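Shown here is one chain on its own, the form predicted on its own, set out as structure tokens.
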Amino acid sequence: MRGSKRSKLLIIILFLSPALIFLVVFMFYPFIMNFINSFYKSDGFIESTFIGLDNYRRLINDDTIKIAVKNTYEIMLYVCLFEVGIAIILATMVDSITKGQKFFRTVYFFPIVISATAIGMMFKLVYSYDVGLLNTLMESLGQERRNWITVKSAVKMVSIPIVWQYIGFYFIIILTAIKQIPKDLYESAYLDGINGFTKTIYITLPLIRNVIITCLILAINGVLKVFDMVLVITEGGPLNQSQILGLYMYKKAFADNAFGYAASISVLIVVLGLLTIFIVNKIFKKETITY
């Protein structure tokens, strides 16, 4: 018996070891080295000087970091409300139809396969003052051209393509969760006079609650990794008013060669991400609903 248990344990370890090695080499080790580098003034190549907590003191006094944190959380709010919210609406609507579901799945999911850089270029052209689609429409309606990306509107303008790209991703997840709900529940509800919008509120949404929470966590995590789309559309401008944490870290590392300071920004991103996800889990914590 002991021999068979030991052999089973060895087989389990054998199958788990590749994934464990991958995590250690490509996730845990880089993060630990990055954390260590945050205590150094480094150009990423030769020069590296230990400076203790100076990078973190610089973070506290950096006005651009404060703007980047505020903008990151603002975009986070938009993706939670609109990205996941619109995905829920679309999923419930598509689930209610009998024909054309495959078509809508394909159409809504399509933006995911387009690179963020390409989408950024597309929306940059849409917002363009001289040849942009929006200003062309304004002129056709007899209105004057306008600058769509300003100090006040920059974050909102870059949020639109970010939200648009990933609605389909959460749409597929939520629609799949809705399909797992037994039809018996809907039939019983129908007999009790519950249908349409009421059915969605009192049956569908409570039963996919955990899936929605997962989507919110994925959306929050996704915002913390965004940088390429903002880089293409605004480069963090005007006047750093669309700067976000991922883009600011990228610029400090690869434009200013301040790898030590960039490492401290990445540590901040991880801490904020874990803290935000912890708060979300606390807010929505509830017993799992089974069916």
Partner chain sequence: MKTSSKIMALILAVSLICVLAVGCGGKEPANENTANVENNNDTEKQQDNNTKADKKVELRIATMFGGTDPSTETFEQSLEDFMNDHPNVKIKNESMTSVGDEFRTKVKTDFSSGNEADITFFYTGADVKAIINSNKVMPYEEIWEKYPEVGKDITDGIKNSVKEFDGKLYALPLTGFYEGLFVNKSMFEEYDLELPTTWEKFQTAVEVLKENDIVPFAGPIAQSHYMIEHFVLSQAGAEGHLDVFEDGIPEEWVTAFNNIKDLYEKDAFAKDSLVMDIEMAQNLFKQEKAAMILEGSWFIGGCEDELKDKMAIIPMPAASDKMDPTSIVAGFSSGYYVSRSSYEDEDKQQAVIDLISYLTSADQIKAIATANGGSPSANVEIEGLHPLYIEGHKMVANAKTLNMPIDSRLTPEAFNVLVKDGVPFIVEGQKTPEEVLETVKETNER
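Residue numbers count along the first chain shown, from 1. What you see is a predicted model, and the numbers here were worked out from it, not measured in a lab.
Only in words, not in the display: the form predicted in complex with the partner chain, which the text now covers.
Q: Heavy atoms within 4.5 Å of the partner chain in the predicted bound form: which stretch among 87-95, 165-173, 124-132, 73-81?
A: Of the stretches listed, the one contacting the partner is 124-132.
Q: Can F28 be called a contact residue for the partner chain in the predicted bound form at 4.5 Å between heavy atoms?
A: Contact with the partner chain, no.
Q: Are any of the heavy atoms in K225 no more than 4.5 Å from a heavy atom of the partner chain in the predicted bound form?
A: No, K225 sits far enough from the partner chain in the predicted bound form that none of its heavy atoms falls within 4.5 Å.
Q: How about I11 - does it come within 4.5 Å of the partner chain in the predicted bound form, if we only consider non-hydrogen atoms?
A: Although the partner chain is absent here, I11 would touch it in the predicted bound form, with heavy atoms inside 4.5 Å.
Q: Report yes if any heavy atom of L275 sits within 4.5 Å of a heavy atom of the partner chain in the predicted bound form; otherwise report no.
A: Answer no; every heavy atom of L275 is more than 4.5 Å from the partner chain in the predicted bound form.
Q: Going by heavy atoms, what in 4-40 lies within 4.5 angstroms of the partner chain in the predicted bound form?
A: S7, I11, L14, F15, S17, P18, I21, F22, in sequence order.
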